[in-house]
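To begin, one chain is listed below as structure tokens, in the form predicted on its own.
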């Protein structure tokens, strides 16, 4: 693996974290987003993230300064990939948006560039052909708060070159991740294959008026010893992501519960900009959510 220049496409919830983590570990990183306004927002988020690295990882000011020197920004797609060894795509979790992005990317990226999608719910084979280089395309999936929950699930598709797969596993390790190779395509990888059913079950209990979010979280935390309940996890993941996943399911299956869940999340959270940790409120209020109270489980 001789990657040096990494491009991150999309500076949203996970994109900006991947960019900062990669720059922190000494790679040259170009952050691409469709507007300069989005890039300015990313710079603000990087400032906040640098404090988290100092607090959680004991990062020195020298390391933080070096990280910022490794970060570059552009809203020009061709410019963003002109030297890229690897491009990690973190655009919205929508098949149409991703396919459209890859068609555009394929026209401007150098032949050497490997493409990796951070998609959490879509399989790489669904848009491998759109990349124009199926053998140099695979999935590289990160969990939220990647500097702490440092997992990287690497999942190829039937046409992925084994050497490319091996190189991306090595890259994941080089940026401080626990590399988790998957041997075949699996919707949701390992993490979300386990996590999504939990979050869906919790949301169903709420929408069906069985119990309140705090009661459900208390049950899970006390009974299993987990540090967070499902609704606290949803706040971290972002309620927009949960909404999008449920909407795709509702449109596909016409399941009445999924339809009701989409309506519930839209009216109570999306429309009110209560999107979780990122906006300061979701199922809990931040920075001091109730589940962190010492007497929460009493």
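Here the structure is a predicted model, which means the values were calculated and not measured. Numbering follows the first chain given and starts at 1. Between two forms, the rigid core is defined as the largest C-alpha subset superposing within 1.5 Å.
Form predicted in complex with a small molecule: not shown, discussed below.
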Revision key, fill the gap. In the predicted complex, the residue from 119, 80, 160, 203 with a non-hydrogen atom within 4.5 Å of the small molecule is 119
Study note, to complete from the structure: Residue within 4.5 Å of the small molecule in the predicted complex by heavy atom, from 144, 125, 135, 72, is 144
Review point. Taking 4.5 angstroms as the cut-off for heavy atoms, does residue 185 touch the small molecule in the predicted complex?
Key: no
Review point. Would residue 10 count as touching the small molecule in the predicted complex under a 4.5 Å heavy atom rule?
Key: yes
Review point. Closest heavy atom of residue 216 to the small molecule in the predicted complex, within 4.5 Å or not?
Key: no
Check your understanding: Is residue 212 close enough to touch the small molecule in the predicted complex, meaning at least one heavy atom pair within 4.5 Å?
Key -> no
Check your understanding: the small molecule isn't shown here, but in the predicted complex, which of 223-231, 107-115, 91-99, 171-179 has heavy atoms within 4.5 Å of it?
Key -> 91-99
Check your understanding: Once everything's superposed on the core, is residue 241 shifted 2 Å or more at the Cα between this form and the one not shown?
Key -> yes
